[in-house]
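Next up: a single chain in structure tokens, the form predicted on its own.
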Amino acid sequence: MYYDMIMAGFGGQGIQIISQLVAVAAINKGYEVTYLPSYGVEKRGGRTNVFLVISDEEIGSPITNHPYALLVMDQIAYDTYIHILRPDGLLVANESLINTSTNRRNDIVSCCLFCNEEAVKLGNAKLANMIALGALLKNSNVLTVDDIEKVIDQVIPERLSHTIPANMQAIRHGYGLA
């Protein structure tokens, strides 16, 4: 098994947290994982992305040129990476901030959700990333919601542990919407 992905957006959208959840859950399942985060120096609003590779064999490189999955939370991330998503790849897009009508790719699987609006419906706009993660889990078949639930307390900082139930609810909500 080999599965690579890019998650991208702007700082403050929770790209780093959801990618860490996927990485730790995959490690917990016994997979080899490379995790290559990148983010601007700005505290909020700078560009952020993660290259993530999961495999049952040793991984040769943390870089992916044509990922199986792309999770994007804003228009810039979408415009930057959509052209490198491999044919039959999975696109998870936050349609709240992305105009997907420009998507000319008929050779990919698209799962576009209004993550921001769905997060507000759940009572917290900061849950948009977890909704997108749920959609990724539903469509990628690499990890399950239960795999994430087993490790979420290892990734979410102790000071934010009270947010874990809401985060899990948002992941399940995104899974259900996808």
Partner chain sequence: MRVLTKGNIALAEGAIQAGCKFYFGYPITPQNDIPEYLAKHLPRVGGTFIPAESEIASINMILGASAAGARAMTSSSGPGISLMQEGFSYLAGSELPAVIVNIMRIGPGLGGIAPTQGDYNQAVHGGGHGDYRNIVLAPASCQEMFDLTIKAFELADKYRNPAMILADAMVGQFQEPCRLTPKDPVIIPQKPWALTGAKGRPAQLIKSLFLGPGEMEIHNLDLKKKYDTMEQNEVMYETRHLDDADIMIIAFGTPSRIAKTAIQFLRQEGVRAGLLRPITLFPFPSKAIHEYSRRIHKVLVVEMNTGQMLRDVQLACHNGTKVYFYGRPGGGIPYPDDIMAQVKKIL
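Numbering follows the first chain given and starts at 1. Everything quoted here is computed from the prediction, not taken from an experiment.
Although not depicted, the form predicted in complex with the partner chain is the subject of the following passage.
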**Q.** Any non-hydrogen atom of E58 within 4.5 angstroms of the partner chain in the predicted complex
**A.** yes
Q: Spell out, yes or no, whether the shortest heavy atom distance between E32 and the partner chain in the predicted complex is within 4.5 Å.
A: yes
Q: Answer with yes or no whether N141 is in contact with the partner chain in the predicted complex, where contact means some heavy atom within 4.5 Å.
A: no
Q.
T64 versus the partner chain, in the predicted complex: is there a non-hydrogen atom within 4.5 Å?
A. yes
Q | Proximity to the partner chain in the predicted complex (heavy atom, within 4.5 Å), stretch among 144 to 152, 106 to 114, 127 to 135, 50 to 58 | A | 50 to 58
Q.
Is the partner chain in the predicted complex close enough to I156, N167 and I171 that every residue in that trio has a heavy atom within 4.5 angstroms of it?
A. no
Q: Heavy atoms within 4.5 Å of the partner chain in the predicted complex is the criterion; list the residues of 18 to 37 that meet it.
A: Q20, A23, V24, I27, Y31, E32, V33, T34, Y35, L36, P37
